[in-house]
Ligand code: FAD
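One chain follows as structure tokens, the form predicted alone.
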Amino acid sequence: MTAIDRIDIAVIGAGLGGAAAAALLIDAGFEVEVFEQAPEFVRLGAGIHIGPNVMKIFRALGLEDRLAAIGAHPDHWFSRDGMTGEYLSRIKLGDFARREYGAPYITIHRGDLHAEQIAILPRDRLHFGHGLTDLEEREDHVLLTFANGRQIGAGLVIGADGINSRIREKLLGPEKPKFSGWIGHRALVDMDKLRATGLDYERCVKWWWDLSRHIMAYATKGDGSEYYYVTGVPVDSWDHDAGFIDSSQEEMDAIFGAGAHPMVRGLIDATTHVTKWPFWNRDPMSLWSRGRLCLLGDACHPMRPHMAQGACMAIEDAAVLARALSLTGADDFRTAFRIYENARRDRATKVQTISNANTWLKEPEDPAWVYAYDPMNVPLH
């Protein structure tokens, strides 16, 4: 073995999109290694929506039933007025989603989803403690250098390394993401306090106020033992170096409490620990790949979370990219990357645009173009 190990495909980032890409490519017979900067797996994040569009991918990976058993299954996505409680829309999910869109719609803790994805990856293909510091494009490989001093020569490199992607920086040059003008509060509420309200909390409901302020609240476990919310609040700036900071029940009350519906008041009163996060944006990408480098997910098309499809888009990307490489073979990667971009660009850009506009399902509409989509069978050309 030479001083520099050579591998066929390197996936940079073992988040939801990277883990999906690795699993799908391994299933397709490719030799893949995954490199993650975090020192170990940690149950990070809070709630996440997984639509039928992505449950079809987890079906192919053998994870659909496991995830369906863990997550909650809302019968509807409700939109309601945060003051009066008036219903603005009732979007059918539950059995309707299974029948019409071909798979269940679940809400789940991101950490529980991620743990299941990590568990199906071969231990010897997953490398924690590998933060990418440099990459050099050579004639027949890409030389990757990691913070721990290790160097790897990879035939292809898939950048699934998030909004601050080093792979994106290599393709487009240094460019900081833009603050979107929005922040979100995230909290898992105290279930005893929530139950003490005596109110029947819906499994998936988005509460709306003026200026598009909102609270998206939903169960993250099938047994109803966990309930989560994320807000969206327009602000002038984000003046903190940290990725997130602590917020408070008092701040939630100041923003949403005055005149709020009793169910909103109950949510705020059941808030014991809440954090505050900035939402970052980038403009739609002019370039998804170059040479042996290719991007997916937030590295390519980050979006505000208002449509609950950001992670889903990354996992869809992974499925289509794996199918494209299976069609062409790794040697004809340029054709595969072109097929992948052709299949994904318009859809990802549309979802990014609607997410940023924060209009999704506020009023009655047909979401079939999102949920009925089948990444495992969409035509590729």
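The structure displayed is predicted, hence computed values, not measured ones. The first residue of the shown sequence is 1; numbering continues from there.
The discussion below concerns the form predicted in complex with the named molecule, not included here.
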With the partner left out here, check for me: in the predicted complex, does some heavy atom of residue 16 sit within 4.5 Å of the named molecule?
yes
Is it the case that residue 337, even though its partner is missing from this view, gets within 4.5 Å of the named molecule in the predicted complex, heavy atoms only?
no
Taking the named molecule as it sits in the predicted complex, is residue 22 in contact with it (heavy atom to heavy atom, 4.5 Å or less)?
no
Would residue 279 sit within 4.5 Å of the named molecule in the predicted complex, counting heavy atoms only?
yes
So which stretch, 160-168, 198-206, 259-267, 235-243, is the one near the named molecule in the predicted complex (non-hydrogen atoms, 4.5 Å)?
160-168
Which residue, 97, 293, 311, 154, is the contact with the named molecule in the predicted complex, using a 4.5 Å heavy atom cutoff?
311
If you check 101, 218, 182, 288 against the named molecule in the predicted complex, which one has a heavy atom within 4.5 Å?
218
For the three residues 36, 132 and 230, which mark the spot I'm curious about, does each lie within 4.5 Å of the named molecule in the predicted complex through at least one heavy atom?
yes
